[in-house]
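Take a look at this single chain, the form predicted alone, given in structure tokens.
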Amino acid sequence: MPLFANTVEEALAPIADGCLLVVPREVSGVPMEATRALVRRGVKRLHLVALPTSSLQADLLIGADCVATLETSAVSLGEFGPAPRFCDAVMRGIIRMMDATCPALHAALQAAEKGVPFMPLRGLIGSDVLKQRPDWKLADNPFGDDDPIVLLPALKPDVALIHAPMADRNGNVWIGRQRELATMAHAAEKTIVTVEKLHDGDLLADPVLAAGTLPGFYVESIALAPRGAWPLPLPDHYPADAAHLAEYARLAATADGFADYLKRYVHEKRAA
């Protein structure tokens, strides 16, 4: 059974310096309270995999000097503009950038999920992305003639970190329609979850909720974090805080402004 942590910080104990950490896209339940806790702890040298894109979460971790390597297909603040700390880090060569595509990241995690060493994918052939990834191998299809295919090595994270609407007291976690969260949990050595609330029943025994439930044997630890995705949205539960994201984009445009943001909203543990 997963550990029910007393605090978010306690739940995050398995995330050590140098960890290969996978996190979800903005519309899947981003664990922002957990992210702020990692910044406060001062975690370093993360190999961050954002499946398949990221926004505020990756930008915050990069700006706080928590990330050594970033593997993703995009980082952007969307309607609020480019991700400023990400752009600055890439242009100054502060982080190692491993360019990917959305299907490639999903395929690599699916290989780990299935316990196979690689996954084939065709759409990369001829792209500049393939030229930048020597770990992706072009091979001949053994079942066809003159039919090249790309082989992607399995991507097995040390930890998957997600935020979900609820968990029950058996450690089962309801992820709803966000099925990529299940892929992350299946692929990773450990999965850490923050949740909005605890559910009194057994999620797997409920005929309506069971199909959207991640069984507890995939979960390492769970912590309660109401509004734990703020200022990002938790789909079907609350929207993004547009005013806060606009403020972040303005402040994070400079190093001094970003430092002010960290002081006000991370280190002082300011609530939503």
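Not measured: the values here are computed from a predicted model. Residue numbers here begin at 1 and follow the sequence given.
Keep in mind that the form predicted in complex with a further copy of the same chain is missing from the display, and what follows is about it.
S.K.: Among 203-211, 39-47, 221-229, 56-64, which stretch has residues with heavy atoms no more than 4.5 Å from a further copy of the same chain in the predicted complex?
M.R.: Going by heavy atoms within 4.5 Å, the stretch is 203-211.
S.K.: In the predicted complex, is there a heavy atom of a further copy of the same chain that lies within 4.5 Å of any heavy atom of residue 197, even though the partner is absent here?
M.R.: Because no heavy atom of residue 197 falls inside 4.5 Å of a further copy of the same chain in the predicted complex, the answer is no.
S.K.: Consider residue 159 of the chain shown here, and say whether it contacts a further copy of the same chain in the predicted complex, taking contact as heavy atoms within 4.5 Å.
M.R.: Outside the cut-off, so no.
S.K.: Just to make sure I understand: among 132-152, which residues lie within 4.5 Å of a further copy of the same chain in the predicted complex, judging by heavy atoms?
M.R.: 135, 137, 141, 142, 143, 149, 151, 152 sit within 4.5 Å of the partner.
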